[in-house]
Ligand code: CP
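Given next, in structure tokens, is a single chain: the form predicted on its own.
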């Protein structure tokens, strides 16, 4: 009992980071509302579905010039900082567009070489500096735990600034998982929703943070089954399997892409993330058995969908782009809308959005 009563605000970073995630999550909420977006585990089903509603409402309003002009007044008094020191195209532009839709002024840092870290300034001092100029920091960092540490640091100051995790090392990518769930929600809205669906994830499951984050969010739905398909070396990590077993989520592991296609309602393809290789260990591996080809489409369900967090390499034949089940380009656009909804929600704008005439 005494352990549960520890005041996390009194702990130093090392002590805080060693605390159970269930306790740390509470530190990143204020007055019962999400303040920092760092983990997929921060999104219960009720909150996710609210964000889906906000995103759909915003995209409807934005269809007219009058509506888009109005949206751009909502957060025109706020400033955001895009601090992306890990390579990114889609996530960066998606967040940048989301901020613009809401009228936020945006500053950007794309490399530590353009900040005072090059002069020896600590990453922590750099974040404190950025927080002087922004109301929101959207952060993508190569170091695991750095985004959380930044949010922890800023929450411990007299002027807390919201932080959104745009990708943290090999750890998590919560907004990618949100857009994936929004795509699943949108795609299956006429087919019973996400409940009782079979989701197949293919590729580099060991190092793919999008797969990790999506797995966490799927616990919010009933009867979901996950099929993990990968080479043995790139299988999903044990901590994810432990999580799934804890919440009694059905999953299987396999190296047979073709043999599992008939069972899948959604096929989530991923690339091989060889940037995480230490000694080029995946350089000479043959991954062709984990590529989705045009001839495989006949094996899939009529109402199934194909997803990919992008960028892709050879794991999806470009000819598949023409198939109506290919959702990865729509998935990309969905990311802009759900990130817009997330930012609007974090600043408490959802009632204003729903009341727009």
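The shown structure was predicted, so the numbers you read here are calculated from the model rather than taken from an experiment. Positions refer to the first chain, counted from 1.
Keep in mind the form predicted together with phosphoric acid mono(formamide)ester (CP) is missing from the figure; the text below concerns it.
- In the predicted bound form, phosphoric acid mono(formamide)ester (CP) sits beyond 4.5 Å of every heavy atom of residue 32.
- In the predicted bound form, residue 176 approaches phosphoric acid mono(formamide)ester (CP) with a heavy atom inside 4.5 Å.
- Contact between residue 245 and phosphoric acid mono(formamide)ester (CP) in the predicted bound form is not found at the 4.5 Å heavy atom cutoff.
- Although the partner is absent here, residue 88 is a contact residue: one of its heavy atoms lies within 4.5 angstroms of phosphoric acid mono(formamide)ester (CP) in the predicted bound form.
- Residue 310 is the only one of 326, 48, 297, 310 with a heavy atom lying within 4.5 Å of phosphoric acid mono(formamide)ester (CP) in the predicted bound form.
- Screening 212, 197, 140, 162 for any heavy atom within 4.5 Å of phosphoric acid mono(formamide)ester (CP) in the predicted bound form leaves a single hit, 140.
- Checking 147 to 155, 183 to 191, 215 to 223, 89 to 97 against phosphoric acid mono(formamide)ester (CP) in the predicted bound form, the stretch whose residues place heavy atoms within 4.5 Å of it is 89 to 97.
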